[in-house]
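Next comes just one chain, in structure tokens: the form predicted on its own.
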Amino acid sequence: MTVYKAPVEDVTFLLDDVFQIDRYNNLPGFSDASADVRAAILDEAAKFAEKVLHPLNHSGDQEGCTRHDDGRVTTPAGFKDAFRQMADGGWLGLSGPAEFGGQGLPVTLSQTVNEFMISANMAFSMYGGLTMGAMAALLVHGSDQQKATFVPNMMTGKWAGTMNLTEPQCGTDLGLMRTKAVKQADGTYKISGTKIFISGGEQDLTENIVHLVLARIEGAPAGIKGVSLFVVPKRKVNADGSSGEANGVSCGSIEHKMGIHGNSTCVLNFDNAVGTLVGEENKGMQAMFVMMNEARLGVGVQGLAQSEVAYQNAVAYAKERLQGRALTGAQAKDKPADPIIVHPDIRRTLMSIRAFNEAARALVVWTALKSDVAHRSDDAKERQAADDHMGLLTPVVKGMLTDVGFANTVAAQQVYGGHGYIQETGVEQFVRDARIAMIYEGANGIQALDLVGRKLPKDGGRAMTAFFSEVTAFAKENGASEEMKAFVAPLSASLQHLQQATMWLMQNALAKPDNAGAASTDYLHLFGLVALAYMWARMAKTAQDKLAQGGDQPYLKTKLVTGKFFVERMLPETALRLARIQAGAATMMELPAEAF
């Protein structure tokens, strides 16, 4: 079956050397995450992912979740014990506030741990991921009572969390939702309606589930402006804080999905369930967006994580599978054929996946650091700049990392040939599991529209200007270096493509909005390629400096070769994306609907 080894060395290189995380020790929680502590956490997380979670990945996929006649849901064998181990290990509260039972460590560290767990078992990891997202929303917008009631139990894994947005008649357009909330004399609300596609909506892992539910209060304004957010526990909470009687929430069915079979994706029925308002009436999207932005970054990590585990297995297969002889002559002369890793096209596939993975991991760490600054710094300007970065990069991380992550699982499957299409090898599960990441938490087409239509022009383009300035400054500072020219010159050329595309949109999108829609996906990928190239340039500079100081030769030289492959073979795609953007929307929109 499949194998997985957490990329601890690569994460350590990023944290310690590329981004020098110790420079952030002025922020709360960072000084507690010393190099020794980070090493211990990453080592333990790797062991848990490799030895506990990954062995359950295939069996969980095969068994799936079972809904019983009374509405109970049973998760696959081994999941309950693994969830308890995860909770007892403190992984759910790694970056949570200490006052609620968390460890208060940087989100940057927890995001790297999340990658390990998602690679090992994506379906299982979603139970904890959604719980952490629900906690984040409550910590920002919940009342003191809501925080005290729910967050500590979620932090310890005693209770889990979900988010409930989608209904049968509405997905992205949440203004069409019908779930209603009726205010009661005691200030609570009775919630009634049906939500679909609720990940972890019912399970046997925890004694209670804290549902965050979007609903419309009677008499509220039409559309999205009349939507409020409520916390609706599966079981009511007793005065002493324990779980009480059932609360009118039931699982109507489990969705039969293409992948992530080990996660119970439910249709949830709310029948006069008691809930309390989170934040203000009719301001539900503000609170839910906290959770959605957390989730979107987490989904981006899912794209990377599935790409990584698929890559590792494709490499293992390519080293073992004998097929043909190398074009330059037999390499394994004692065998009837050479392993397929000798063939250039197999190398192209594997190098493309690897070069993406390593830059994507750097992009996740960079963005996670900005999240920590935005939430922990006492400097208003630093917080604003970090928040600008988060807003701008979130759709790129979610959209590009999942688009390319899925494509990479397919490419890894291709390395196996016919063996990749059958279940026994396990690689086809990575393809099925990765596919959902392009769809949920805002389909990637919506992410692209969000980037072009909202994030790009926001605050007069302040965030984009800052990104341009940072990359330009790096290129100027390092452009004269002979060693860095191989990275800086392609980065500068691609940055120019992004600037040209941005200017084209400014000149052509206002008068003809379809131009923005037609360009959006290509613009997101163009932006993503430049961001990944910037990550590679920073990693290359660090690797060269460490080599000059006598650093680990094989690791650092491999890093530089992989980076050169990216800028030579993958980064030129920015020219293609620019040409598509500048083609405009005319031919795309010309045909009448009936011509399709």
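Just count from 1 along the sequence shown to find any residue number. Worth saying up front: this structure is predicted, and the values here are computed from it rather than measured.
Only in words, not in the display: the form predicted together with a further copy of the same chain, which the text now covers.
Contact with a further copy of the same chain in the predicted bound form, judged by any heavy atom within 4.5 Å, is made by just one of R235, K257, K190, K225: K257. Only one of the listed residues (M390, V315, A87, C251) places a non-hydrogen atom within 4.5 angstroms of a further copy of the same chain in the predicted bound form, and that residue is V315. Put simply, E573 is close to a further copy of the same chain in the predicted bound form: some heavy atom of it is within 4.5 Å. With a 4.5 Å cutoff on heavy atoms, I436 counts as touching a further copy of the same chain in the predicted bound form. Of the heavy atoms in F79, none are within 4.5 Å of a further copy of the same chain in the predicted bound form. Using a 4.5 angstroms limit between non-hydrogen atoms, G219 is distant from a further copy of the same chain in the predicted bound form. Shown here without its partner, the chain carries R321, I341 and E424, all of which come within 4.5 Å of a further copy of the same chain in the predicted bound form through at least one heavy atom. Partner proximity in the predicted bound form, defined as non-hydrogen atoms within 4.5 angstroms of a further copy of the same chain, places exactly one of 63 to 71, 28 to 36, 559 to 567, 539 to 547 at the interface: 559 to 567. If you take 404 to 441 and check each residue for a heavy atom within 4.5 Å of a further copy of the same chain in the predicted bound form, you get F406, V410, Q413, Q414, G417, G418, H419, Y421, I422, Q423, E424, E428, V431, R432, D433, R435, I436, M438, I439, in sequence order.
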